[in-house]
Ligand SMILES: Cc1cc2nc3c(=O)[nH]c(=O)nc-3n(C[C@H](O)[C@H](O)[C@H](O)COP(=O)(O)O)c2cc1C
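Coming up is one lone chain in structure tokens, specifically the form predicted alone.
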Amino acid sequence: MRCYFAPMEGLTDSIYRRLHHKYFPGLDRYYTPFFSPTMHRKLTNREERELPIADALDFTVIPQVLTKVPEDLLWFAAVCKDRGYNELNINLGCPSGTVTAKGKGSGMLADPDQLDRFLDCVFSKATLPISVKTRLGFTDPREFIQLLEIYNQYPICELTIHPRVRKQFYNGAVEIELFDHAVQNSKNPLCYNGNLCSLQDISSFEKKYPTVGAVMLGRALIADPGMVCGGTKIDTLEQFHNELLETYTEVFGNARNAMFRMKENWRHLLCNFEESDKLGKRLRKTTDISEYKAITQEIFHTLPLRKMLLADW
């Protein structure tokens, strides 16, 4: 079973991916948070940093693109190919209101005919393999039956399914019976994304779906970064955290901004420490970098990690 790190805006940037691979190797690939190409046909400085030459990396990265304009996607695909990437992923899952209001991300699922035209143009001219990450639909999970018929018309190299609709965001139960429909009817290879929080979950999934080749993990890997390489050891986690903070401080030119970026990680990390409520509250409230460092050191040295559920798979 291949394991992928999901794209998470504000969390899994190029710095995070590089250091995660350094301290917790073992993932098969990382997906970038989405790029949004425009008619200007030029990468910003930040985008240049987030899309390094693939040959400079010792792990696999798949760029993700968010657009409803085929020409913009095809331009970005050419940029990715020139930089040595061998696959591009289309984001049809982002549920953000600012994204869907523009008819992008999961907003594209609300108009299947337009989506079909978009994919037809993309796949008729694409110069590298294209994968797709999708939800079941915009408002009704049953929309997925028609969407899958559309996806089956195109040579999607891998179809990642998050079995919720847009209005659910990341809440509520997944609609697993519609993923079952995809397993039975998809003409393209599948990857599953959603509510896999441990190796035990992954092992159970693999036993139930032996023909599905990959799973994509997001929030669970932020919380337990070493999940797929033998578990997260607290000393390794502390080293990872400290180098992340140091590198963000250097790149941002400001320790305070680096601290606020790290707080996004702690929203997920804290749940894996025993009796973390008191220190977690102090961590969330502080705006002082010295206090932040003192609190995080206290967390690492006084709070035990919860026991992770490990399984052979």
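Throughout, we count residues from 1 along the sequence that is shown. Note that this is a predicted model, so its numbers are computed, not measured.
The form predicted in complex with the ligand exists for this protein as well; it is not shown, and the discussion that follows is about that form.
- Contact check for residue 11: a non-hydrogen atom falls within 4.5 Å of the ligand in the predicted bound form.
- Mapping the unseen interface onto this chain, residue 218 counts among the residues with a heavy atom inside 4.5 Å of the ligand in the predicted bound form.
- In the predicted bound form, the ligand sits within 4.5 Å of a heavy atom belonging to residue 34.
- At least one heavy atom of residue 193 is located within 4.5 Å of the ligand in the predicted bound form.
- Contact annotation: the ligand lies within 4.5 Å of heavy atoms from the stretch 26-34 in the predicted bound form, the single such stretch among 40-48, 251-259, 26-34, 274-282.
- Interface residue among 168, 100, 131, 91 relative to the ligand in the predicted bound form, by the heavy atom within 4.5 Å criterion: 91.
- Of the residues in 58-73, only 64 comes within 4.5 Å of the ligand in the predicted bound form through at least one heavy atom.
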